[in-house]
Ligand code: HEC
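Shown below, as structure tokens, is a lone chain in the form predicted alone; questions about how it binds or moves come after it.
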Amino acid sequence: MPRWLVALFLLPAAAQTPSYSGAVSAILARRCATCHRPGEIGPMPLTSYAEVRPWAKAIREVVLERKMPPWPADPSVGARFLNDRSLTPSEIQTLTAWVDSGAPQGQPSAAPAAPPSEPASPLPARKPDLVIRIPSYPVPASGTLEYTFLVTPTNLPADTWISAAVWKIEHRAVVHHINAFIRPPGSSYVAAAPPGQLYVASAAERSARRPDETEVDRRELLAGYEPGYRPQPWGPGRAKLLRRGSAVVFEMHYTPNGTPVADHSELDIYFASAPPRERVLTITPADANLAIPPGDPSYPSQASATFTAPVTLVSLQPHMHLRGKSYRIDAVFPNGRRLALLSVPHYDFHWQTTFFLAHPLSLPTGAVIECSAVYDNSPNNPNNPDPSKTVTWGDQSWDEMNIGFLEVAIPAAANPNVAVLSGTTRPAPTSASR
């Protein structure tokens, strides 16, 4: 073959060899640097060639295994999600080809600007209308910490719609979770907690409610933080309601990691500029009757919510602890049709995700959301604190939970008591699950 013809065949391949300054830096900025930057959860920054180059082979390995970026949803099952952070096949091919070609930098002048100090957000760019900050939570180097509460009266003169609420976490490494609840006037929820002071409430105090008190009249989840948290708007024309006279209650759970710190995390709240079309509520089907036998590698648990009015499903979040193995959420329509919404085949307690539907799902009266969890209490689970223990529901990471956090939207003026928990069911154990 003539040399010129050989060169003609080789030229496109050479021209297409990816470089950091070309396609690679753009992929990393878009998919990785939101977490891999100073102050974020990633263990090392990946915002420049000097930072990325030593990790090139490791990057190749984790993207081929789809361990990074963390995205636990099975792409072949269920809905599409707005916040899908997984790499496309083309992006994986570009990154692996770059590493295989020696991870060249390319022309530095061609590289895009370094990612901003704060990751790009689809949430409001303006200053928040209300900021609630933890005055100081002392986390010791070791020990077991109980749920602690901070009640902050809002003193707003009228009902106020909230279009977004964004957590700013100071010490992510020690935060198990922080939930912010809206507590309406007269609510029984941690009613004895003194405003503005850290307060440890017993399990009985936390679960107490008046016989005639609905869940919405007791508390509403405004925003929650767990490892893996990324803020996402509820969508145009949707908001949560902060009723006049309500307080915001932080439910805080910290886990010491060997270094004492004082945490001052905060929640930034943005008011809606106009009344919304729809009100967003959080429904939490749960199985509180867990009793996972010692050594069981595949223990099933189910929880469900039955809707007593039409709703639009906006987001989904599975929640388990260290023995969580897999999670699946399905919608069952009144005519019996079943629709798979989410499958997480390998649940990771250390990276929990709220999945925002790319196309929110309309559910009619009588529709059911089923949340199916599976637990691994065997010695083969490397995260298992004690495979010899029967595990029940509890607050600490060595206990267990099965909660499906479901955000739904209803007409703004509609009755918010739109769902009832239909109880918990559990398939009879089989020899295969023992």
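Start at 1 and count along the sequence shown; that's the residue number. A quick note: this is a predicted structure, and the numbers were derived from the prediction, not measured. We call the rigid core whatever largest set of C-alpha positions still superposes within 1.5 Å between the two forms.
The form predicted together with this ligand exists for this protein as well; it is not shown, and the discussion that follows is about that form.
K.L.:
Only one of 367, 409, 59, 406 comes within 4.5 Å of this ligand in the predicted complex by heavy atoms, so just point that one out.
P.N.:
None of the others qualify; the residue that does is 59.
K.L.:
Among the candidate residues 87, 175, 193, 134, which is the single one with a non-hydrogen atom no more than 4.5 Å from this ligand in the predicted complex?
P.N.:
Filtering the options by heavy-atom distance leaves 87.
K.L.:
Please determine, with the chain shown alone, which of 27-35, 396-404, 370-378, 383-391 has non-hydrogen atoms within 4.5 Å of this ligand in the predicted complex.
P.N.:
After filtering at 4.5 Å, what remains is 27-35.
K.L.:
I'd like to know whether residue 44 contacts this ligand in the predicted complex, with contact meaning heavy atoms within 4.5 angstroms.
P.N.:
Looking in the predicted complex, residue contacts with this ligand include residue 44, since a heavy atom lies within 4.5 Å.
K.L.:
Within 4.5 Å, heavy atoms only: does residue 351 come near this ligand in the predicted complex?
P.N.:
Residue 351: yes, in contact with this ligand in the predicted complex.
K.L.:
So in the predicted complex, does residue 237 come within 4.5 Å of this ligand, heavy atom to heavy atom?
P.N.:
So residue 237 does not count as contacting this ligand.
K.L.:
Can you work out whether residue 106 and this ligand are in contact in the predicted complex, taking contact to mean some heavy atom pair no more than 4.5 Å apart?
P.N.:
The answer is no: residue 106 has no heavy atom within 4.5 Å of this ligand.
K.L.:
Should the three residues 55, 63 and 70 be counted as contacting this ligand in the predicted complex, with contact defined as a heavy atom within 4.5 Å for each?
P.N.:
Affirmative, all three are within 4.5 Å.
K.L.:
Scan 220-242 and note down the residues that get a heavy atom within 4.5 Å of this ligand in the predicted complex; none is a fine answer too.
P.N.:
The one in contact is 228.
K.L.:
Is there a C-alpha shift of 2 Å or more at residue 173 between this form and the one not shown once the rigid core is superposed?
P.N.:
After core superposition, the displacement of the residue 173 C-alpha between this form and the one not shown reaches the 2 Å mark, so yes.
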